[in-house]
Ligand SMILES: C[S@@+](CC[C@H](N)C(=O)[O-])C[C@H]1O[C@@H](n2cnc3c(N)ncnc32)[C@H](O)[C@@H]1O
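One chain comes next, on its own, written out as C-alpha cells in the form predicted on its own.
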Amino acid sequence: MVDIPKESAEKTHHPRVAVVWSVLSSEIERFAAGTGARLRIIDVGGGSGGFAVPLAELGHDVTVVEPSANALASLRQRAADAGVTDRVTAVQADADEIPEVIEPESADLVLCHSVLEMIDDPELAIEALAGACAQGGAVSILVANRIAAVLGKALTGQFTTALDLLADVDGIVDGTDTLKRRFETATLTALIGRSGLVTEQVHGVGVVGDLIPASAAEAEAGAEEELREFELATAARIPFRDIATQIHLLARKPVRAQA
C-alpha cells in the first residue's frame, strides 16, 4: 500500500503550485482508498521532473514523456539524487506520439501541464491523453489563461496589447508571443469534452501571485504561507478563478458499461 503523506500538499509546496498539488493529493487519496495500490502516472511534457520526482517519492510509478533530451537528462539526475530511479521512466517523444510510446489505457493519472499552449494541435494531444488514461482514471491539465494575460497587460498600461489579446480568438499577439494560444475555461472544457473525458474540477492557479511584486510576498514573516492560503481559498471561486494566470482542470475518463 502507498503511504499518503501526513502533511497536506498545500503546506509543503510553493504557493505557485499549491492548488495543483492539492488537487493531485486528493486524487491520490481517492485512488489509494479504493485500491491501496501505487498509481501508474504519465507526465506529458514533464521536463526535468518537477512533478514526476515528488510523485515517485510518494511511491508511485511515473513515466515522463518529454521531447527535450536535455530535460530528460536532468530528470534522470534528479530521480537519482532522490533515490527513485526505479520508479521514474524517461521517454523522449512529443505529446501527439503518446499512442506510439504508451500502452492504451495504462495510466491511472495523466498530467499535461503547460503543454497545450505550445503545440500545433491541442485537440490531437487531448485525444492521446484520453487514450492513455485508464477507465476511471483522471487527466490533470494546466494551461495559460487568456483573461489573465489581458488583465496583466492592462494593469501595466499596455492597453493596445491587451486589446489585441482580447480580440484574438487564441489570445496571442502575432509576431511577439512565445505561446501559440491561451485558453479560457469555456474553450478548455469544450476541448476536453470532445475527447470523451468529463470535467470534474476547474481551478485558477496564480490568482494574485503574478500580479504582486515578489518583494511584497517576502516582506513579512509568514507572507508566503498567507499567499498560499489565499490562493487555495480563491482557486475555485468565481470571479477569482477566471482571472488566475493559469487554469487547472481535472477530468475523468468514464468507465464503459459492460455489454
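All residue numbers are counted from 1 along the displayed sequence. Fair warning: this is a prediction, and the values are worked out from it, not measured in the lab.
There is another form of the same protein, the form predicted in complex with this ligand; it is not shown, and what comes next is about it.
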Worksheet entry | Contact flag, Asp94 vs this ligand in the model of the complex, heavy atom cut 4.5 Å | yes
Worksheet entry | Non-hydrogen atom contact Arg87 with this ligand in the model of the complex at 4.5 angstroms | no
Worksheet item: Hey, in the model of the complex, is Thr35 touching this ligand, heavy atoms inside 4.5 Å?
Response: no
Worksheet item: Looking at the partner-bound form in the model of the complex, is Pro54 within 4.5 Å of this ligand by any heavy atom?
Response: no
Discussion item. Since the partner isn't included here, can you check whether this ligand sits close to all of Pro15, Gly209 and Ala233 in the model of the complex (heavy atom within 4.5 Å for each)?
Written reply: no
Response to the item:
Of the candidate stretches 200 to 208, 23 to 31, 41 to 49, 225 to 233, the one with residues having heavy atoms within 4.5 Å of this ligand in the model of the complex is 41 to 49
Discussion item. Which residue, Ile119, Ala154, Ala73, Ala82, is the contact with this ligand in the model of the complex, using a 4.5 Å heavy atom cutoff?
Written reply: Ile119
Response to the item:
Partner-free chain; cross-checking this ligand in the model of the complex, the single residue of Ser114, Gln158, Thr189, Ser106 with a heavy atom within 4.5 Å is Ser114
